[in-house]
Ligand SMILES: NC(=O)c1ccc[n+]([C@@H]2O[C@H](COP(=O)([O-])OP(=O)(O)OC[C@H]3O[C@@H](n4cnc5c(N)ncnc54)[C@H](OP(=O)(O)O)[C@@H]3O)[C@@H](O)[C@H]2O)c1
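Before any questions on how it binds or moves, here is one chain, the form predicted on its own, in structure tokens.
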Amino acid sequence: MARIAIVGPGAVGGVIAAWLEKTGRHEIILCARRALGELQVETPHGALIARPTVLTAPEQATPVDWVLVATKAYDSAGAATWLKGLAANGAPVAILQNGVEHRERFASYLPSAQLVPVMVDCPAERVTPTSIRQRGTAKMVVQDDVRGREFVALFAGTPVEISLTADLKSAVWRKLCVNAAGVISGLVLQPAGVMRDEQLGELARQLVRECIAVGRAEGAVLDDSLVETVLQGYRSAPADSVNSLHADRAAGRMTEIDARNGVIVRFGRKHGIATPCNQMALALIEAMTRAASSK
């Protein structure tokens, strides 16, 4: 039995916690800002109810076998406050976050050998603090090495799909292409069905084309067909599905805009690649966030 701490019991963290507890092989510990009761997760395979141990302060943390960080990218520093206690004995720390800078966000807190970057694609929404709707299969990709294979073994017997790859860089950039287009919902505050509009569909294509160009400059292998794959993925999703950037902006919270579109702009500048659509999306979301926070 492994002791697994999950930092950040949001939509993704809650789904992962529920499936890991369902195996009956692990002790699950949630690290949260406030006390939580039982966790209810509606999944494509039926309802799950999880009753993990919940810690509400980093000083309560003791060493575990694995740490899974599922906070938003902008809260990495907050997540890191838990690591001193949880990873004190050298536990591997899997980073289940958006973007392409998983190691960079935690490099100042832990040795690189302890960090396990994970590409995560889990279509889920938090309905209430203790209720989550998982709309589709949770999928993850990790590097094909010792730590990656150990991570896969944690989920044995669950419907969570985890792939091993020799090229994690390309996997996280492919996911970034999906996230880049998702900023449209964050801008217009409408769910995935809005992508069926032809003009917005063309904007999504351009956001993805820019991401592909920058990703290739960074060494990722990205096919041109990804443009249509991303758009069709949004158009075939439930019309009322809400991505995390949309949900955060609608609630007046901080957003992951830097990890999703800002990184494309930053890396584009490094390589001399123009990214006007992503730059505009970044500027608009940041301006809207500032306006909301000043009210």
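Quick caveat, the model's predicted, so the values are computed rather than measured. Start at 1 and count along the sequence shown; that's the residue number. In this text, the rigid core denotes the largest set of C-alpha atoms whose superposition between the two forms falls within 1.5 Å.
Unshown form predicted together with this ligand; subsequent notes refer to it.
J.: Taking 4.5 Å between heavy atoms as the contact cutoff, choose which of 87, 192, 184, 120 touches this ligand in the predicted complex.
T.: Here the answer is residue option 120.
J.: Quick one: of 154, 200, 162, 73, which gets a non-hydrogen atom within 4.5 angstroms of this ligand in the predicted complex?
T.: Checked against the cut-off, the match is 73.
J.: Can you tell me whether residue 7 touches this ligand? I mean in the predicted complex, with a 4.5 angstroms heavy atom cut-off.
T.: Yes, contact at 4.5 Å.
J.: At 4.5 Å between heavy atoms, is residue 172 in contact with this ligand in the predicted complex?
T.: No, residue 172 is distant from the partner.
J.: Given that this ligand is not shown alongside this chain, does residue 16 nevertheless sit within 4.5 Å of it in the predicted complex, heavy atom to heavy atom?
T.: No - in the predicted complex, heavy atoms of residue 16 and this ligand never come within 4.5 Å of each other.
J.: Give a yes or no for residue 33: in the predicted complex, does one of its heavy atoms lie within 4.5 Å of a heavy atom belonging to this ligand?
T.: Heavy-atom contact with this ligand at 4.5 Å: present for residue 33.
J.: With the partner removed from view, which of 41-49, 263-271, 230-238, 24-32 is the stretch that lies within 4.5 Å of this ligand in the predicted complex, judged by heavy atom distances?
T.: Single hit among the candidates: 24-32.
J.: Which of the residues spanning 95-134 lie within 4.5 Å of this ligand in the predicted complex, based on heavy atoms?
T.: Contacting residues: 96, 97, 98, 120, 121, 122, 123, 124, 126.
J.: Align both forms on the core first, then report whether residue 242 has a C-alpha shift of 2 Å or more between this form and the one not shown.
T.: It does shift by 2 Å or more.
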